[in-house]
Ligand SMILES: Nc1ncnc2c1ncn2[C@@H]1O[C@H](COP(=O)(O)OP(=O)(O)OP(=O)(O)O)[C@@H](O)[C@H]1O
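The chain below stands alone, shown as structure tokens; this is the form predicted alone.
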């Protein structure tokens, strides 16, 4: 029985003669929160785009729960249980919270709008127009949209971007609870190292389109390679 929720095998992506990804082999076990970090230009967003089907013309294979999904579009991958959020929120600012969650649920076989609103503390905002919400609540709404239909795997691109320290901590706690309660697997791109080190089970570090190191928080945090590549200085 395959224990991996998401896998990439020999993933390569290039633009002209420039390789953004170099033959990456990547596996995330079911129920894990995997951090994906690295300096700007490391290939993080490109990797997530390949996994989610938002970019084409890549080499290699993507597997969801052991099934190869290379030929599936981003929409088809979403229906199969692979959801993602973006660095910039994808909410509809002119619609109410409940209205846009209901709209997103129309493409799902079973609606879980009330459950999602309850879990993300959005019930009291259900009738409010998104444009009138604080930025922190907007980020929760963006996460809620990705959770409609209870996906198997959730790809998150900097969900804590622009949040206060307390909001970032709350977001990390939400993710931990989600994995435990709904048995969702999470791949998390995040520049806030406090969030990454708090919430992630394992961390993959990319640099120049290749995996530099993978391991636990302790292994990654103390790695001289990571300190040099990610922090831009030599280990002391």
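Source: prediction; values computed, not measured. Residue numbers count along the first chain shown, from 1.
From this point on, the text means the form predicted in complex with the ligand, which you will not see here.
Among the candidates 168, 204, 46, 52, the residue which, in the predicted bound form, approaches the ligand to within 4.5 Å (heavy atoms): Checking each option against the ligand in the predicted bound form, the one that comes within 4.5 Å is 46.
Though only this chain appears here, would residue 158 touch the ligand in the predicted bound form if you measure heavy atom gaps against 4.5 Å? Result yes; residue 158 sits at the interface with the ligand in the predicted bound form.
Can you work out whether residue 24 and the ligand are in contact in the predicted bound form, taking contact to mean some heavy atom pair no more than 4.5 Å apart? Flag for residue 24 set to no.
Does the ligand come within 4.5 Å of any heavy atom of residue 29 in the predicted bound form? No.
Whether residue 195 contacts the ligand in the predicted bound form should be assessed with a 4.5 Å heavy atom distance threshold; does it? Outside the cut-off, so no.
For the chain seen here without its partner, which of 58-66, 33-41, 196-204, 177-185 has a heavy atom within 4.5 Å of the ligand in the predicted bound form? Partner-contacting stretch among the options: 33-41.
Since the partner is left out here, which residues of 6-28 would have a heavy atom within 4.5 Å of the ligand in the predicted bound form? Result: 15, 18, 20.
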